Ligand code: NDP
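Shown here is one chain on its own, the form predicted alone, set out as structure tokens.
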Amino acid sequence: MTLEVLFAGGPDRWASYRTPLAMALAEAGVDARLADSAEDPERVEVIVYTPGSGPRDFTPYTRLRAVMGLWAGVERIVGNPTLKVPLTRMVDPAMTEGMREYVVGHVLRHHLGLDLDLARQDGVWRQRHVALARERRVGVLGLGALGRAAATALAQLGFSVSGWSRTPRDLPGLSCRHGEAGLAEVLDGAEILVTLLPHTPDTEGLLDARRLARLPAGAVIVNPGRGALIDDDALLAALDSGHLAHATLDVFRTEPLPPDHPFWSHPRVTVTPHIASETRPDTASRVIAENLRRLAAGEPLLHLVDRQRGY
């Protein structure tokens, strides 16, 4: 039986996904009809979804069996009261690669002090001690697919890595912590802190003034996770006081980041415009195709969202 699939990701993404998604469906042996608009919502069985482009009211889709997100984050849909069917999030291997490279690149940048006077091109010869990776303590908050990949790569480079997650984890080569006491322990030792948690009610403002104060003096934050994980005012205060040396931020509470936001002009902040990683059409299409195959076969879906936990 042919699955009726609505691609609700906007015309630009449809142009990028149409061919690779059709190819992935053929490779997976999935019989599906793809469309980027629904003249008859009652025929639609699956919606491939992105916030801002997809529907807000799912009530008209009376035959809907699943919604499959194209993004890793689901905070803008998970609480929708009209969504009654299974929801999956995107775990794209290429997205994981990109995030790993972004995190490793910026951790190395801060570890080597490339933002310091050492690297200033002004004709002055400056020398200082540069620590080895094994002498640098790195904390990673969030040990899902992205956090695990980043933390493992850093550990393989020799960094002393401690990871934290809401639930217990046992990952080779990593010191894993969980719970409030575990979070405090990771913060206390993190000279460089990487945040890769999802945005949920439990993680909103997780790094407030009290928790930022636990970081060692001169610590650095790299946040490619979610902007709402950090209290902006508390972060600016910690940077202004000198307790934190720098913050590299890729995600923000409001995006695009407003031109007058103090992050843009702060000497201890590096802003990158939500480029740490992205969903790639070729690899993401294979993930969607596999879940469509599973749906047609009555098998469990991959990357199913837990509505209670919010991710």
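Numbering starts at 1 and runs along the sequence shown. These numbers were taken from a predicted model, which means no experiment stands behind them.
There is another form of this protein, the form predicted in complex with the ligand, and it is not shown here; the text below is about that form.
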When the ligand is placed as it is in the predicted bound form, are Leu143, Leu196 and Tyr311 each within 4.5 Å of it, taking any non-hydrogen atom of the residue?
yes
In the predicted bound form, the residue from Arg109, Arg214, Arg169, Arg76 with a non-hydrogen atom within 4.5 Å of the ligand is Arg169
If the cut-off is 4.5 angstroms on heavy atoms, which of these, Thr88, Thr203, Ser162, Thr152, is the one near the ligand in the predicted bound form?
Thr203
Please run the contact check for Glu45 against the ligand in the predicted bound form: heavy atoms, 4.5 angstroms, yes or no?
no
I'd like to know if Val269 sits close to the ligand in the predicted bound form, meaning any non-hydrogen atom pair within 4.5 angstroms.
no
Answer yes if any heavy atom of Arg63 is within 4.5 Å of a heavy atom of the ligand in the predicted bound form; otherwise answer no.
no
Thr248 near the ligand in the predicted bound form, any heavy atom under 4.5 Å?
no
Among 224 to 232, 130 to 138, 152 to 160, 237 to 245, mark the stretch whose residues have heavy atoms within 4.5 Å of the ligand in the predicted bound form.
224 to 232
